[in-house]
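Structure 1 and structure 2 below are the same protein chain in two forms, each given by itself as structure tokens.
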Structure 1
Amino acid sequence: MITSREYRTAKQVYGPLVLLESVEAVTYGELTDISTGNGERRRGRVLEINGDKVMVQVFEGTSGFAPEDLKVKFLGKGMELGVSEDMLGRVFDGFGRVIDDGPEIIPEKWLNVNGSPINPWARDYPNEFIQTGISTIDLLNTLVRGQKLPIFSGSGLPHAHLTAQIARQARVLKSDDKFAVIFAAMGITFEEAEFFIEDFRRTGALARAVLFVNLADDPPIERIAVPRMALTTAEYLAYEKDMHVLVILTDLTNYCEALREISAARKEVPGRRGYPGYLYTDLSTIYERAGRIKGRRGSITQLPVITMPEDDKTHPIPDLTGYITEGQIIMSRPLHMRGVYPPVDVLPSLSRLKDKGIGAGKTREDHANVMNQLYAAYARGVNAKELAVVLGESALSPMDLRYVQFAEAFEQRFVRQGEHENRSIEDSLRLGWELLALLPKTELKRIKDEFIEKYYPATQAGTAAKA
């Protein structure tokens, strides 16, 4: 039987932390109730244990705390979230409390927010296509059910609009199983929170979604709880309710900043750029909660968003993320400055599992060939454009000029897409073939002849062949 113990042995308060002495029989991560001299109550958890000394992390901050007035009760359990299928369509704060003026959730069960590690042997390989309605993702950087595919963005880029669009449009093709979206926002402004909530309500996407919202002025400790609350909900819906769950985490840079702030308060030795040395391990406990389990119909797919400070891909957060996840979608500031939405930088973007989710029976037989040819043609067109800047267009061959034309059309017709334009994979493939028709058939060296005969647009073939 779990019993609570109460202590009045607080010795120091600094930052969000309280140090207690002469404490017995507590465990790491154990929840606490903290009472102040004026009767105010706040929650915390055990962050560090050293002999009879215990460090407690206070969720709502320690403003107004005096050590001699504090009463700390250890509750004998870790942080838990009450989960239910009724959470769909609701909005919560970072600690899982209802904030949408609706009724409280009656939990079907309580789950520890740290989850349980998935046995590697029990993992099933991701191999089913998720259609996001975004051509640059669906056709070129395919998202596969059970994958973790981060979006690398930058300050001022429209990642909020892109993630909201994906949340509205995403679905698993060739499956009748229920699909849910868990949207976790960390350290965002009030205006951004209103945008997400209103967009979900206006478009009807809220009916299949659960939103966790942490504002920039909320305690940093709440920010650390948000992704774990979201993933605990996702695990319940996926593995106990057989749903396909897409988890969107935005913005993990704010999460890491909160982690650095608390690490500094603990006086830990900093690592790269002041982040704690365990940043890689901490991020892995979030990312590795995605996946599929053998024998279970449900799955968890992750789309974390990282805003790179100064657009620096070598910054510790995107750098470490790249080691754990299976690719990245990179947003381009130059494309954004030219008014292209979504400004996905196709060439450095990558989905390492895309080949597992495409092809006959999943998307279409010509998907892989079209993808490879579009990449190759766009890369040559970009290189030709850069060469023309240095040497002038007169230095380019007629075929190089054709590839420059292709690159410009690719950005304006394929990459550019309306914020409410939901393209099917067939729409994206058709558009890809229309662009490839700007090139002679002899240039399509990465596509099988039978696919060229079947899909090459007949109305444009004659014009392209004469060029």
Structure 2
Amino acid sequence: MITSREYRTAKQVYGPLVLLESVEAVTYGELTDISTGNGERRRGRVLEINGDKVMVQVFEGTSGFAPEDLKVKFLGKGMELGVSEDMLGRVFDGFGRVIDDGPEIIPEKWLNVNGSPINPWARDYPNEFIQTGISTIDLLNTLVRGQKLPIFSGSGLPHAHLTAQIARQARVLKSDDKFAVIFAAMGITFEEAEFFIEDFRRTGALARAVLFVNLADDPPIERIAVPRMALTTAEYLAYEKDMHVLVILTDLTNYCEALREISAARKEVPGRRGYPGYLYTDLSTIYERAGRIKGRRGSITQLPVITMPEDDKTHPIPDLTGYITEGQIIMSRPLHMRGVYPPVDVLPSLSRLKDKGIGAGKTREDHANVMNQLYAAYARGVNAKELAVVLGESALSPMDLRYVQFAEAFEQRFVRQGEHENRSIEDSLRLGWELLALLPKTELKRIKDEFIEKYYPATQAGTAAKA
């Protein structure tokens, strides 16, 4: 194969795309080097080939391009990243170029950033409980190693604080495995990025972190590369260096907008709200890179952040994400307005992998029962509260009133916690039981008798049960 050829045959520039003619022997996905008239260099990738016409997507955008001045060099390989353990503690741009003051990385090897799908036969089921110290996650939406659990947020909601708190507090009970954090910023503000970096620095996590940063004023198309750089690094650290890697991807909404921009420039038939029909498939090639592999020690856990446009869960970005990820943590604006931190909207939140990560030997025997009961009771309380808003409290049965009280206490005592409050799973369970004791025992249909006997708090039991 020819390794590198240079062409000056660019004919069209539109959006982030350049179209060349009379090109030979290029391949799909090939990386290109583009130099402009004034010698500036940008990166591109082959998006489509038709005969001798080639469409190239330019990561740093096409501003300042004049077709006749462009020199396009095809590099004979796909997009690659040079990886090494020395990446820990370092900061890179969205394309994997060093941007801190440190030395260049000497790669141990080069990896294609698109990765390859994990053979489903090789996957190991994620089942190791990660304690995040946050009750609404640990007890109700349990995170496990190798899971992809996104945070669905809205603009102005404290997702950055929650994500940082998880990164800070997350640990696996009884384990001293090696871990690393990979932080991939896509189009977020300088302040938000600084908040994370500062937090990592303060807690000493920076030494075990790799940062890829594309800020709001960095080239938008580069955001397509960012998660792939991050996950390629994660795969290397997890599967070759035995590390448990937590990957924070923020904000996928900006990533999807970059995809939409390319799709629009290609005049593709748009799917819902102008996003391309292949958005689902594209997102899955990011999210499905989380996981564990049989016989390998490391794991990749993903925490993608999505700001839902207009807080709308049915918007294509959160919607398609929810269809791929293993649950979602949803943030609630009303809770936030009422001053509850973290404003986790418990009812629509879900961890699909919780069932295999909890119970005797992992968390505690009564965990699943308590979780189901808290959900059912809170749902009933919320319903009753809505009814009371319409009809007044007098319309409620005495039992419904108790559920309303339960729901309020649940939000104030269970959901709410400090940004630096790190609750053990035992703490969260104890709190859960305290709240359930606001209800009579007969209402606890989702809990086995033996657990009620063992864990129902003694002090309130008498009064509550007789009512």
Partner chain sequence: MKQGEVIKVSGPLVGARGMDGAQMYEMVRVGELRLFGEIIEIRHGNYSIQVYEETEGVGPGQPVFRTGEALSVELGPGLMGGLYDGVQRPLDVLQRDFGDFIVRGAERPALGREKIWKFQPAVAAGALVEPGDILGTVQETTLVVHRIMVPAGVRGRVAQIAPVEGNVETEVAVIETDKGSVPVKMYQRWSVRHPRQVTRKFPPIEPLTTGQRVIDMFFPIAKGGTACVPGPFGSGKTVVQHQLAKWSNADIIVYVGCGERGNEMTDVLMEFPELKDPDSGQPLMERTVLIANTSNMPVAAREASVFTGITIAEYYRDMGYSVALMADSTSRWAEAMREISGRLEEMPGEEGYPAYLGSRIASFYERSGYVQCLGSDKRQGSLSLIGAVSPPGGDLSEPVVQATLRVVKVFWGLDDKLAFARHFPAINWLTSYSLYQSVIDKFAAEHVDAEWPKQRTLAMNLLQREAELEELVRLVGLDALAAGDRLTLLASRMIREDFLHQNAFDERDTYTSLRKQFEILATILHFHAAAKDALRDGVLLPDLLEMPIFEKIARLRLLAEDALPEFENVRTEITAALAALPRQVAVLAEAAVSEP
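Quick note, the numbers are simply positions in structure 1, starting from 1. These numbers were taken from a predicted model, which means no experiment stands behind them. Basically, rigid core = biggest C-alpha set you can superpose within 1.5 Å across the two forms.
Only structure 1 of the pair represents the form predicted on its own. After superposition on the rigid core, the Cα of residue 53 moves by less than 2 Å between structure 1 and structure 2. Comparing the forms between structure 1 and structure 2 on their rigid core, the Cα displacement of residue 320 stays under 2 Å.
Remark: with the core as the superposition reference, the CA shift of residue 385 between structure 1 and structure 2 reaches 2 Å or more. When the core is overlaid, the C-alpha of residue 396 ends up 4.0 Å from its other position between structure 1 and structure 2. On rigid-core superposition between structure 1 and structure 2, the C-alpha of residue 446 is found to move 3.4 angstrom.
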